[in-house]
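The chain below stands alone, shown as structure tokens; this is the form predicted on its own.
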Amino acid sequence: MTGLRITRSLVGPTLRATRQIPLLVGATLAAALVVAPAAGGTDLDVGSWAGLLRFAAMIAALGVTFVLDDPSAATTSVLPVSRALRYALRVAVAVPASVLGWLAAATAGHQVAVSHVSTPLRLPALTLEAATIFVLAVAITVGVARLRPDGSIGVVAAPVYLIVVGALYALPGRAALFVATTSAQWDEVHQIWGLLLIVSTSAAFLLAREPASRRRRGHPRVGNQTIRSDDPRVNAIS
């Protein structure tokens, strides 16, 4: 219960401290990239609509790379809560905007596909791609955060994310991940997307852990032994 109370008490401050502008701009641009041509009756084939949705997912996730920016990192790092919890709360703040941006884009693309395109848009698989791109952005941002103790993370994480996503988009031939909706490799490629989602999620969790040196400093030591806080010898040390 104590952990739950601490988490609840952190929600408000985390919401106020998290940079909202990049998230909102990314989600808005992602939605507009698909909604605008759909509303204007732009005549595109299903491959082009799928491409717009993919770019929308990339743009929405770009805003996530600023979510861990924290000018007060020097003080928040000593709070009695784990780094993983602090990061998880900030990522949770980013989820609604990114999801709404994707839903707006996907809904517009789906309506156009149903009305004017005979080939299905295959939204479930495209949503898997979008989710993987989002989590990949989180993993990159968390990784950069370990190297930026001053809290200025987005200025590095954003270009790194663009390079990584650009490299994935440019993969050629049978190594390609962004395949056409009519490709015979569609199902096989999206198994790889599922694996990438698992790997990115695992990487984000591992990178969000406290550094080993800080975990070791969490308990006093006698000789070569680490003493836990509930050990009677703590009183003797203090």
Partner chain sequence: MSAPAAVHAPSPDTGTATAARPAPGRACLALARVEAVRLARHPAVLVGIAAYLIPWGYSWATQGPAGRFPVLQDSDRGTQIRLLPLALATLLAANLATLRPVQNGTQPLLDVLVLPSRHRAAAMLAALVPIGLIAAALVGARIAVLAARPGASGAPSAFELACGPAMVLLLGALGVLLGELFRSPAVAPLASVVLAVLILAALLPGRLADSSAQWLLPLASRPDGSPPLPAGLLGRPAGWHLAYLVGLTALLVAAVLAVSRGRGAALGTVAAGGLALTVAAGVLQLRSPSGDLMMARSEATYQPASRQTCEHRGTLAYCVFPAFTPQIAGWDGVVHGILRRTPPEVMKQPWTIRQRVWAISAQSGGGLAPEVPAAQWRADDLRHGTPGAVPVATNWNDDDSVLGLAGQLAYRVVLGANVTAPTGATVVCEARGALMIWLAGQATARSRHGLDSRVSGSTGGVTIPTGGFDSGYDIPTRALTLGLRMLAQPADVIADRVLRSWPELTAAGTTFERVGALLGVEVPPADQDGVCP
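Note that this is a predicted model, so its numbers are computed, not measured. Numbering follows the first chain given and starts at 1.
There is another form of this protein, the form predicted together with the partner chain, and it is not shown here; the text below is about that form.
A.B. asks: Would Leu29 show up as a contact with the partner chain in the model of the complex if we use heavy atoms at 4.5 Å?
C.D. replies: Although the partner chain is absent here, Leu29 would touch it in the model of the complex, with heavy atoms inside 4.5 Å.
A.B. asks: Look up in the model of the complex whether Pro159 has a non-hydrogen atom within 4.5 angstroms of the partner chain, and give yes or no.
C.D. replies: Yes, Pro159 is a contact residue.
A.B. asks: When the contact criterion is heavy atoms within 4.5 Å, does Val179 count as touching the partner chain in the model of the complex?
C.D. replies: Val179: no, not in contact with the partner chain in the model of the complex.
A.B. asks: Within a 4.5 Å heavy atom cut-off, is Asp43 in contact with the partner chain in the model of the complex?
C.D. replies: Asp43: contacts the partner chain in the model of the complex.
A.B. asks: Residues Ala131, Val199 and Phe205 are flagged as a possible site; in the model of the complex, is every one of them within 4.5 Å of the partner chain by some non-hydrogen atom?
C.D. replies: The answer is no: none of the three residues contacts the partner (heavy atom, 4.5 Å cut-off).
A.B. asks: If contact means any heavy atom within 4.5 Å, which of 122 to 130, 93 to 101, 162 to 170, 136 to 144 contacts the partner chain in the model of the complex?
C.D. replies: Contact-bearing stretch, as computed: 162 to 170.
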